[in-house]
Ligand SMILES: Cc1cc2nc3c(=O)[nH]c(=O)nc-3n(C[C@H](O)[C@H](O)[C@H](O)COP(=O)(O)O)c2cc1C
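We begin with a single chain expressed as structure tokens, specifically the form predicted alone.
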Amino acid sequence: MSELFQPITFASGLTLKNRLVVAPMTTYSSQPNGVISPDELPYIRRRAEAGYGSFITSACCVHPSGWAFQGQWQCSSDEFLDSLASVADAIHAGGSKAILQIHHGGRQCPPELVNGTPVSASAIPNARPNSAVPRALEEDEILEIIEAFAQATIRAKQTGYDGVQIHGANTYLLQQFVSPHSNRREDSWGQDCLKFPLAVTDAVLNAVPGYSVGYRFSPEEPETPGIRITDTIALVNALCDRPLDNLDISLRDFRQPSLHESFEGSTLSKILEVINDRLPLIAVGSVKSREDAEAVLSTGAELVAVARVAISEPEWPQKIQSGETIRTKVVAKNMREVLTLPNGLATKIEQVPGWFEVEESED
């Protein structure tokens, strides 16, 4: 049997039936108040039924100041317990393990979703055009957000999730504290750029002892100044000293080289060398075929996360086992029905040219 379909047991005791993971993907499909829409549940259940070992949810907001996009799920108070439980139940009904990704958007939050001004480590806007200037968080606000991550973890456990993943990647708040681009503070939260993400990690681990906790990170930033491999090595070494179940590296392509460094081989291989078998690593990035997935495992990563192809081909695990043709483009007609997509996600795909390749229509 291929290693892809062999089980894995983490330090917490959580066992996954195989190494295939539905990657955390934004679905833009909550109701306006952050409650998960009923039309998202069939989308989730169908992928869980396809044979993935685990399903990591879309980013779920832990605090009102972290609301990063319209249609984002909320786990910021007990009013969302029923909403959260509906997703865990749908994943479990499909036969996969349920992992809630917990998140704060920081300076990436649209001002209209966070009372007019986003917050971050410092009052430095993103380098993208037309980015809002955030407000630097005060010490008491930092501590409040750390506690919000802990409370979200408690809610995840209460509502049936098998674990949580801390979202420390993709330019959001935890990454903003690590980055010399966004963290220009002169206090202890700036002098030690790892203090905030590690405080969040420790709070989450302590909130539910023995619970499965993972951490997602982006290894580099294109900006100057910005995160470099040396910064990520320090973060990874600190995370490997903690009783996490896994790390998750966010890459566009698992084969990609460093954006800035000249070392031989891929960024994934470099990070695996640093981890040195201390924690299992989930790798993602342009995995479309069985050959791609097996190539990820051959680098030394223990798990493979599947992103866009899990949307275009809902039964991907079954089809790579049977050798059937994989659909790598979304269908042009009846996308919602054919692929079982929630309205928010389908609308976003339709409105953003080039985000997904679309099959040519026959008429």
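What you see is a predicted model, and the numbers here were worked out from it, not measured in a lab. Note that residue numbering follows the sequence shown and begins at 1.
Keep in mind that the form predicted in complex with this ligand is not shown, yet the notes after this line are about it.
Trainee: Whether Thr26 contacts this ligand in the predicted bound form should be assessed with a 4.5 Å heavy atom distance threshold; does it?
Mentor: Taking the distances in the predicted bound form, the answer for Thr26 is yes, it comes within 4.5 Å of this ligand.
Trainee: Would Leu20 show up as a contact with this ligand in the predicted bound form if we use heavy atoms at 4.5 Å?
Mentor: Because no heavy atom of Leu20 falls inside 4.5 Å of this ligand in the predicted bound form, the answer is no.
Trainee: Given that this ligand is not shown alongside this chain, does His104 nevertheless sit within 4.5 Å of it in the predicted bound form, heavy atom to heavy atom?
Mentor: Outside the cut-off, so no.
Trainee: Can you tell me whether Asn170 touches this ligand? I mean in the predicted bound form, with a 4.5 angstroms heavy atom cut-off.
Mentor: Asn170: contacts this ligand in the predicted bound form.
Trainee: State the residue from Ile44, Ala59, Ile36, Val62 whose non-hydrogen atoms include one within 4.5 Å of this ligand in the predicted bound form.
Mentor: The residue from Ile44, Ala59, Ile36, Val62 that makes the contact is Ala59.
Trainee: Just to be sure I understand the contacts: of His260, Arg252, Arg242, Arg184, which is the one whose heavy atoms reach within 4.5 angstroms of this ligand in the predicted bound form?
Mentor: Checked against the cut-off, the match is Arg252.
Trainee: So in the predicted bound form, are Val236, Ser266 and Leu279 all sitting within 4.5 Å of this ligand, heavy atoms only?
Mentor: Looking in the predicted bound form, the three residues Val236, Ser266 and Leu279 all stay beyond 4.5 Å of this ligand (heavy atoms).
Trainee: Partner absent here, but in the predicted bound form, which of 285-293, 85-93, 121-129, 220-228 has residues with a heavy atom within 4.5 Å of this ligand?
Mentor: Result of the contact check: 285-293.
Trainee: Considering only 199-229, what residues come within 4.5 Å of this ligand in the predicted bound form, judged by heavy atoms?
Mentor: Sequence-ordered list has one entry, Arg216.
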